[in-house]
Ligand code: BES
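We begin with a single chain expressed as structure tokens, specifically the form predicted alone.
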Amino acid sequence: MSSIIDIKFELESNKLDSIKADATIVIVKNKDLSHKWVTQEDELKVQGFEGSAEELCQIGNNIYVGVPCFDSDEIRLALCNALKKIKKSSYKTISIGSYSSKRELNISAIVEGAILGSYKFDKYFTKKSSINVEKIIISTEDYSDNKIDETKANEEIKFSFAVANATNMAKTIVNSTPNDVTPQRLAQLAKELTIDVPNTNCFIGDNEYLESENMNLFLAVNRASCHPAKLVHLSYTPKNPKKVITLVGKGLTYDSGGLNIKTGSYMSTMKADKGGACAVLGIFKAITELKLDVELHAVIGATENMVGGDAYKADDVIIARNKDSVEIQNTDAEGRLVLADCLSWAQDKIKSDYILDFATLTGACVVGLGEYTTGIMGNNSKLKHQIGANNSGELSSMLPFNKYLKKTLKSPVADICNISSSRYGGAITAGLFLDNFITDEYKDKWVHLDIAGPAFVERDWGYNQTGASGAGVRLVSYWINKLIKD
């Protein structure tokens, strides 16, 4: 399932105006039209271009785009908008200068903005289109006259190229339809990430394996589907890893809500309920391509949640893999059931320094944080902050656990209920439900990421297209990269 944007990025030590290219992108900071790279100030003023945020103007072969500052995400957005402006042109080579800020080199932002912004999901169209740009030449001449470290710049190009294309791969899988990407197909796509990749392995467990592991919550969700469930375990084991990290992803290739069936408007985008699994696959792809010194495990629970005579029901009590009894009060709170068994399995089978799970888990997270922000939860405030506070461009916010919301998960007939007795704080109570299946050994090593908001948005936003954004891939790839370098 190819989604690679194969633009080549080259670093060149010549000044911007001496680089031979079909067109040049000039980023204008905070309406500053007096900079030496703005060679057509009078023409720009005639066109009414001021250099405001996201303002664009093309004069000849120069594309001018405004930004308020040189923060990385503004640079990403500028590249995305500039390439949109010329996507129908015949330009094959583009030149651009360097735009360092006080904190960042921003070469990575140029690469990511170009690759993420050029993505188009046209898998099911007969006629496909692609951008003509083949190469972007980045001059080491800097807008602010800072000295550019070429070794670091080339490292940023390599890292960002891998991460951005892995993000686009995740987008494509999320965007793909449920009749195309079934649990079996999702498992196959995962396995393909290990073909001819050194130090990797793939294990796929079927329903019989799940039964042998007493993964009864996972199996209950799968019961009404004609497609068997799949437990996927990808591993990457380099020789001298600095850390061992396990990623667990919710892989609901379609979610009808089960017997608590969704209404039509809420069901129509449920192909995106595999967003957590796709984030895990994207991170695995990026880290293995970059050959980072981290042992990485990717665990995915792939299934559908469907309606049928054998569907699990509200009022059922099911024994989880960890032997806790779970009262079912809503069959549409199924993702946490799959994750509970997968998290239990991962803790028993893999000795990890960190465990992160990813899921399009709750509409409550979208209500609380909006469509564009990931909710980060767990017991370790320092770890949550480290994951959320990076320069990836993904928006995130921490949601706090508390003992009072935990009490709302009590059941009169079982150890725990799969939904809260309160209508409020639903994202946090879902996280607290998962916390019940985290052993004491891993309480401070585990983080839950609810990506229900940004994983799939039905409109363009920033440098993200309508549909999937690959939420989680850049956020955690940046964190892993920093973790092993510090």
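This is a predicted model, so every value here is computed, not measured. For every residue, the number given is its place in the sequence shown, counted from 1.
Only in words, not in the display: the form predicted in complex with this ligand, which the text now covers.
Peer 1: K250 near this ligand in the predicted complex, any heavy atom under 4.5 Å?
Peer 2: It does: once this ligand is placed as it appears in the predicted complex, K250 has a heavy atom within 4.5 Å of it.
Peer 1: With the partner left out here, check for me: in the predicted complex, does some heavy atom of I131 sit within 4.5 Å of this ligand?
Peer 2: No, I131 stays farther than 4.5 Å from this ligand in the predicted complex.
Peer 1: Contact between D332 and this ligand in the predicted complex at 4.5 Å, heavy atoms?
Peer 2: The answer is yes: D332 has a heavy atom within 4.5 Å of this ligand.
Peer 1: Taking this ligand as it sits in the predicted complex, is K262 in contact with it (heavy atom to heavy atom, 4.5 Å or less)?
Peer 2: Looking in the predicted complex, residue contacts with this ligand include K262, since a heavy atom lies within 4.5 Å.
Peer 1: Of the listed stretches (359-367, 165-173, 280-288, 403-411), which one has a non-hydrogen atom within 4.5 Å of this ligand in the predicted complex?
Peer 2: Stretch 359-367 is the one.
Peer 1: Identify whether this ligand in the predicted complex is within 4.5 Å of every residue in the set K29, C69 and D142, based on non-hydrogen atoms.
Peer 2: No, the whole trio is out of contact, none within 4.5 Å by any heavy atom.
Peer 1: If you check A452, I438, I428, C417 against this ligand in the predicted complex, which one has a heavy atom within 4.5 Å?
Peer 2: Residue within 4.5 Å of the partner: A452.
Peer 1: Could you tell me which one of M270, C202, L399, I157 places a heavy atom within 4.5 Å of this ligand in the predicted complex?
Peer 2: Of the candidates M270, C202, L399, I157, M270 is the one lying within 4.5 Å of this ligand in the predicted complex.
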